[in-house]
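The data below hold one chain only, encoded as structure tokens and taken in the form predicted on its own.
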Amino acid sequence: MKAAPAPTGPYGLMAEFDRPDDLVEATRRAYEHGYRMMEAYTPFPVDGLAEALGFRHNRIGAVVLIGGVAGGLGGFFMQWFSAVIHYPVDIGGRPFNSWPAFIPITFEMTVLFAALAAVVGMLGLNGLPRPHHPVFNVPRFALASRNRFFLCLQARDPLFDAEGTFRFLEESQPKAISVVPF
């Protein structure tokens, strides 16, 4: 099996801003201009940034629902199979498929699988675990956890052109623009 070729060229261009409002405005402009492969990094949650990046809905609810339904059905089926098919025992004349007795385990399996689906779904949808990201190659990115705001336009975006994207970012008047190497 052949290994995937190593990426060539930069990961993207990253603009650094002093204020969260400047970041949101630059992100909104980039989205309106047609950029879709972009990421924003802030030291605290910024109101309106997710919408500016183009996030309109969250898929984790559907993942949790599917996990909960699968867990509930699996828990019920497990009990039904053991009581009706695998090892039927006549206890006091009750029917083998005595579903009221299955409710507690079915509920617990629903909660368990929903919680596990939430954790695994959150990790998967966020692309985690990712021990190293190319933005860590930019020395100034250490300020993202303190007091700076960053917008990274990725090179894999169809609209990305190194010179054109650099000029586009300059129009937002960032504090600095950095090339993000792989």
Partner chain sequence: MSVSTNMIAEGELRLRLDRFQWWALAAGGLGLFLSLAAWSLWPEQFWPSYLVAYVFWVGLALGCMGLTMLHHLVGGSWGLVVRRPMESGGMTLLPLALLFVPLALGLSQLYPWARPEEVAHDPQLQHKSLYLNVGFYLVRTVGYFVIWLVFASVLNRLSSDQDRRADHRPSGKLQWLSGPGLVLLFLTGTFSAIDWLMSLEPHWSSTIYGCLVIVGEALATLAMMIAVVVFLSADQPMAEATTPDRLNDLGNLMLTFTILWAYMSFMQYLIIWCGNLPEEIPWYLRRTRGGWQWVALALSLFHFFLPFFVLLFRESKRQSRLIVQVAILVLAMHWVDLIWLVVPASSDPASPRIPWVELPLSLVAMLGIGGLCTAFFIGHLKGRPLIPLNDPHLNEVIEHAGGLGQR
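Nothing here was measured: the structure is a model prediction, and the numbers come from that model. Numbering follows the first chain given and starts at 1. Basically, rigid core = biggest C-alpha set you can superpose within 1.5 Å across the two forms.
Omitted from view is the form predicted together with its partner chain, to which the following refers.
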Against its partner chain in the predicted bound form, would residue 47 count as a contact residue? Criterion: heavy atoms within 4.5 Å. yes
Does residue 74 make contact with its partner chain in the predicted bound form, using a 4.5 Å heavy atom cut-off? no
Non-hydrogen atom within 4.5 Å of its partner chain in the predicted bound form for each of 95, 98 and 103: yes
Residue 61 C-alpha relocation of at least 2 Å between the shown form and the other one, rigid core basis: yes
